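Two forms, one chain: they're shown below as structure tokens, one block per form, named structure 1 and structure 2.
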Structure 1
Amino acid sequence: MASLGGEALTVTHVEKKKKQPPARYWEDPPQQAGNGDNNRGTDGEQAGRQTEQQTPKAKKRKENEDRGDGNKFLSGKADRFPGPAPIPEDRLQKFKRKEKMKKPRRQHYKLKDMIARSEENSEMSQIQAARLDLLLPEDAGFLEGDEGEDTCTISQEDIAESVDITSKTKYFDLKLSQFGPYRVDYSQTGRQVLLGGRRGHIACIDWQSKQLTCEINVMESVNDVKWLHSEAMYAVAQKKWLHIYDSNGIELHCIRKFNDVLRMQFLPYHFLLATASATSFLQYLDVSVGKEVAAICTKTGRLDVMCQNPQNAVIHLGHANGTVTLWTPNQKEALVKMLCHHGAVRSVAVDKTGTYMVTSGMDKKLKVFDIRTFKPLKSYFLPAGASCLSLSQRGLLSAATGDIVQVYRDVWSTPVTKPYMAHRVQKTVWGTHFCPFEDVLGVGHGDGFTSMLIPGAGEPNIDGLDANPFRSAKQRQEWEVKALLEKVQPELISLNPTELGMVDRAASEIKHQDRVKALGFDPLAKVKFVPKYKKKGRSSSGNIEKRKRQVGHEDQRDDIRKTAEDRVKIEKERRQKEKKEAVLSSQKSALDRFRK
């Protein structure tokens, strides 16, 4: 009974049977529940019927009042879903680019019109994007334990057993005990993994098909490996110099300007390879033209902790004195210096949205910072300390403590007590990297490489025009050309990446200073007066002096006039003030009676 519509119940005995509209799922559910209750009790039935008899008419009247005649169909029925379909507020918020502009104060008709139109457009695009977001095909992965069971106790084998065959193959171990420990780097699309063994072993693997693309031994110690913009090239920081290899393992370049490199970061939209060296140099290499863009001596000692902010391409460096510094290629000094730990900084990571920075230090703490405000959000104490921090696209944090890899969830929003997942590998972890667009964490350790399944790590929906794991050779070529064409110049790197789209409201003075700097002279500077040469003896030195003095007096006169005017103005204001005070004092107030 409860499943039937409210109206259907009312007419059963009392009235003549009219044809009723069939029950619809959008009928008000609370009313339905109420009817159901009424019908169960026999004494309540009558009362229920009474109320129901009135309701349809009242309801209809109310509907008419509410909607007016606009939304009615010819048949007299009202539109049950008037207006456009609603969009969840959080989706709209996700695509919000800017706040609404303030209306111009004066009557700028054209400007007003332009602003209105542009705002209309941006709102429309926001709505369209939000609508499309509802239609995205894939959902993110997840892991939920049994009741009372911690997800961190679930082993990788169990997960691998309970997922599909394709995903099962994504959990694997590579036993490479000879040349480890290994650094790991996944390519932009997540198709290829690059392993760099400390003792010189380099391997590129198409890890999904388990095909080895290339394998070499550089016969030198390897500090770091990094993919460049595509799967065709990668950089290896070797004992002395930086080398670039192609996907066949052929050495393309040996860059002797970059020596003793310990860590590298690749900025994909700028085509910049940022390197941090043992000699405390931070260097930028433009890989599209092969030029060194900037070399900054940070004067902070050995640089072996490095990460990038993917939203604004600022490089974060961690130092032995517990500070984290932020760098761009345009400035010789650090943009920001943050004291984060009481010991040396062991690892730094920044999330995809560029909002949070996670650091771990020798003081065995793991801290989360908001890097928009540079304020600490959360601080956790890990007894074993953490190294090799890495953040996934959906905000999972992996931290290595010795030979255990722990994965945390929501480190910035809720206080975390237990890891989301944990896994023990054979030897000490040396590098971790979440695979983009996959629920996979690559762990490089002393005994080789482990690919772990971390449900919920990767972004489920790919964008075909950016990093597309399924792109064909032709699409890759096209993408490469387009990406090169829209290579962002290194000068545009700054803390706020949207700065370029804003109005420069710098004071005219500052602008003028910049102009003077650019031109090399001050275009607005007062030209020194040079008297004209006059003939017939009128340019005698006395005469010239006289004319100069005249001009000088002219300028003086301006100044004098101005000061005189100012004085008059001040005097006037003073007088007005006095007048006001006099008026006020002459008025009697109610409190005056208490005066002595």
Structure 2
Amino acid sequence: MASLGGEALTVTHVEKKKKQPPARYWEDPPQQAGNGDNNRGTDGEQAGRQTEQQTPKAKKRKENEDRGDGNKFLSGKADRFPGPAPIPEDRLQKFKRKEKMKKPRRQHYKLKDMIARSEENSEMSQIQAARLDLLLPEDAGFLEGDEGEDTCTISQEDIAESVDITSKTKYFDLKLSQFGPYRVDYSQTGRQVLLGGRRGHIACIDWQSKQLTCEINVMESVNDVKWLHSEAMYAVAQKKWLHIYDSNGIELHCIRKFNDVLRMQFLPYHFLLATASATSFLQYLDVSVGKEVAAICTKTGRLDVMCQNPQNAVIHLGHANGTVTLWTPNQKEALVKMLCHHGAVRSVAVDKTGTYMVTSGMDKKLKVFDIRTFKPLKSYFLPAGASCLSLSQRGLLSAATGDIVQVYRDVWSTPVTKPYMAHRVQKTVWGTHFCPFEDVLGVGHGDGFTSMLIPGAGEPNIDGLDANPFRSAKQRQEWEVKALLEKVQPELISLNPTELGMVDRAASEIKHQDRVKALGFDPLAKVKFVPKYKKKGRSSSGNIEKRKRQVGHEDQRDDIRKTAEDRVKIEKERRQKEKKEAVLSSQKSALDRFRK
């Protein structure tokens, strides 16, 4: 009793009680005090001392650990749908990058790890892209007429009256009859339009706000205009030489190596300006350093038909003999020569996927080619031919015939019998260009410039890291620095971009032969197996021969396994062939009734 009384004196009735924190619903409820002596025993006192000794950080850490269960809510209930949300299989297939590679069997463990990491990264990117596809809700719409009504009969005025005020302002005409006809080019973001008149007039316009950025007259004829990597610089192909101007109209450079330039194309990921001249020269200018990269004499005469493949940065040139040639800056000869028309080629266009090429010629035909096989897919006859071709981001094709602009839809998938839309301008069309990320087609003609509304032409979902129409000046500067750091070298331009990830086996074999000659022996040759000496009688002649036979059988097993796989493959092909012949033989022909 004395000891019990001594312990009771440590806590008096006059001691000030500590205020307990308010109870939270996610914490365990406090135990109710009982009537017995168990609550006041030694165990209870020790637990109380431990809780008093804990620091506030430790208490907070313990609370976070208690609440850190991902399968439970704060209320303590279990999650009805644990784990990440499932992704539909069709959406995963949409973003699939590559098939899984066959890993080597024994050696090359580093290669195995590299292949495994690459497949994991590819799978993770596929899953993330499929999940983020929900953040791209915008879809491209198309113009649909009433029952029995053709969409090509709907005028631009009717469309402008039916759409909202913002879209209505995108249809307008600029009457510039004094210095026409005009070439047209939109910037990568689609905010700025560059107009170049044949008689020297050049204008940069923010076409959405209708603000004039700059306007100059170079006092000589202008053949083509082209924006460079940003809205701050553009190139003008004048009568004699190539000139570079800034957005204020100030001349920055006059490049006299590029003379008599007729057409230009800018490769944004390589910072290359490709020019085609009247002297049959194809030249490349690196605008990041201001140096000429390549000058190729095509020996095909005047070059006034030119376009680029956005997929692999290959330049397509059309010639007067009806051929289309494909060029890269790292080769002096044409990669491919295609006979497309019986007359001269008037215009060429390639879609953004790099799969289809559309050409028009003096034989009044419009042809669609598959660049993967270099074979024609469709051929259409136009009564007056097409002079200017342009493809939109969604695959719409614009073809100018005199003063009429016609827009076609799905020209490579289904036979086209009539245009999707049509519009007549004041004078002959000299250039057409679809605006990126907008349902707008810019038409330059002899009487000025016309902005047409083409529903379904632009890409509705914008990639803000590549070309952001809403970026600020600071964002543009940061993007320009990153683009320069990630610039692709011109030596990497090829007809098949996937070749960069392949191994050049021929070159590796030549290097191996040179190495053998220098060393005097083959370092990769298979070393003869020498059994390791073991103690306690395990290196007797019988055991050594047994180990040699085991190692020798491994090579035989690989050969036998490979032979068995080849035999199974040949047997499978034979069965499929027999099955196909049986199906063909079971089909009856109309001539079978004449057989005896």
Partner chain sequence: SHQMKVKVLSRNPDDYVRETKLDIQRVPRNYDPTLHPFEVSREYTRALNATKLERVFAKPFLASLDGHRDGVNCMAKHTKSLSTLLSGSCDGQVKVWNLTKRECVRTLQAHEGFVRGMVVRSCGTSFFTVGDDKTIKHWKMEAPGYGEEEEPLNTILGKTVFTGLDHHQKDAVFATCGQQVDIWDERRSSPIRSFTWGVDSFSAVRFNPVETELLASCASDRSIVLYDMRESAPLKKVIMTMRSNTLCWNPMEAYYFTCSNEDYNLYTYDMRYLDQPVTVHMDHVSAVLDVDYSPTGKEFVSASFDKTIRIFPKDGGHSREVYHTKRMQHVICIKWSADNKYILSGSDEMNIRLWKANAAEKLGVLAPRERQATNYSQKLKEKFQHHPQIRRIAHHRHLPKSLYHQTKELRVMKEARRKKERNVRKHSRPGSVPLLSEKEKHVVTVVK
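FYI, numbering is relative to structure 1, first residue = 1. Predicted, not measured: the structure shown is a model, and the values here were computed from it. Definition used throughout: the rigid core is the maximal C-alpha set that superposes within 1.5 Å between two forms.
Structure 2 derives from the form predicted on its own, whereas structure 1 comes from the other one. Taking 2 Å as the criterion, Asp514 counts as shifted between structures 1 and 2: its C-alpha moves by at least this amount when the rigid core is aligned.
The Cα position of Gly343 differs by less than 2 Å between structures 1 and 2 after fitting on the rigid core. With the core superposed, Asp370 shows a C-alpha displacement below 2 Å between structures 1 and 2. At Lys579, the distance the Cα travels between structures 1 and 2 is 35.0 Å after the core is superposed.
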